[in-house]
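Listed next as structure tokens is one chain, alone, in the form predicted alone.
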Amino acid sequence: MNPRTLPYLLLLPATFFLVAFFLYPFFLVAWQAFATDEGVLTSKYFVKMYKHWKFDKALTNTFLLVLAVVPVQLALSLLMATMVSKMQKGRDMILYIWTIPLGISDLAAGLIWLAIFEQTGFLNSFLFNIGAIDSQITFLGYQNKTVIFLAVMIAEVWRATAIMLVILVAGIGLIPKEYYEAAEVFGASRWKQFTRVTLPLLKPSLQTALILRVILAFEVFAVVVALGGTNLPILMGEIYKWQFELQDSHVAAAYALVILAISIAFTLFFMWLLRTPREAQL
């Protein structure tokens, strides 16, 4: 076998996977969004999506949810990863406990928090038993959209912080301990070690964690449905509505392309923001 062709042969399975499970479905969705059933190219489905009264609300709620959830998850995952990396005993057990929500599906997580916030849930029962309330409170009613948003935010932080935690723990584990020892010799405090050693060397892991988490945050669906139903419109919820309730796959495809475009934009932004000095020179 020619050594020059070996790298290309090794890339064939990944190329086939990319074509079969991304490029081909992307082409089908793009065709649905830009073409009529007769095959005529048009932009009317994007216009229909944009003029629908829920589009602005869904877009705004999705962005607000991402902006509210991801920074909190980033701060928590950095704190938890730093704590785990400093532990001498019980590290694996603590990490296992913290990553348990990672194995729970979106819908199951939503139902767990629904059992807490619903009218006959644990929170109402607890407040009633300690005498804080005289009657049950409807936390997730249509008139309490702010509470619904906070409930979804709490559920997402609890469910998906472990995604970033696992990536950051692996990244911290790759940082040579000699750097920290040298920093201690020169009298650097723990905070300076974190800002001058950990964060700069953690950029590739932070880049991966943020890109993955932001993309998944824009695709949140089941948690919102479980806790808010239609009271909190989001982009993925509108895709489901147009595809299965309104039976208009063209507008649903247009929504999907909007989410894809936003995800690509954020990916490029984080790749630029968290680029390493070597990448900046290229």
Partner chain sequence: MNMAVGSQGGFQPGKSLRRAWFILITVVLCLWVLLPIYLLFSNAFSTSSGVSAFPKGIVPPFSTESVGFFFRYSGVGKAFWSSIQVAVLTMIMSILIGAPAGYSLSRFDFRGKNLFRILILMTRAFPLPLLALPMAVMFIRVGLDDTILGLALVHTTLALPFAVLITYSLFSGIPIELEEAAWTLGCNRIQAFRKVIFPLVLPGITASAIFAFVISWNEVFAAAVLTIEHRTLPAFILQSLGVAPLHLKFAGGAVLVLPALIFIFLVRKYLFAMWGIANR
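Because the structure is predicted, anything quoted here is derived from the model rather than measured. Rigid core here is just the name for the largest C-alpha set that superposes within 1.5 Å across the two forms. Numbering follows the first chain given and starts at 1.
Absent from the display: the form predicted together with its partner chain. The rest refers to it.
Every residue in the set Leu10, Leu95 and Ala253 has a non-hydrogen atom no more than 4.5 Å from its partner chain in the predicted complex.
Put simply, Trp272 is far from its partner chain in the predicted complex: not one heavy atom of it is within 4.5 Å. In the predicted complex, none of the heavy atoms of Lys145 sits within 4.5 Å of a heavy atom of its partner chain.
Interface membership of Pro200, defined by any non-hydrogen atom within 4.5 Å of its partner chain in the predicted complex, is ruled out. In the predicted complex, its partner chain sits beyond 4.5 Å of every heavy atom of Ala132. For the stretch 82-107, the set of residues having any non-hydrogen atom within 4.5 angstroms of its partner chain in the predicted complex comprises Met83, Lys86, Met87, Ile94, Leu95, Tyr96, Ile97, Trp98, Thr99, Ile100, Pro101, Leu102, Gly103, Ile104, Ser105, Asp106, Leu107, in sequence order.
In this overlay on the rigid core, Ala265 has a C-alpha that sits less than 2 Å away from its partner position between the shown form and the other one. Positional change of Tyr24 between the shown form and the other one stays under 2 Å at the C-alpha, relative to the superposed core.
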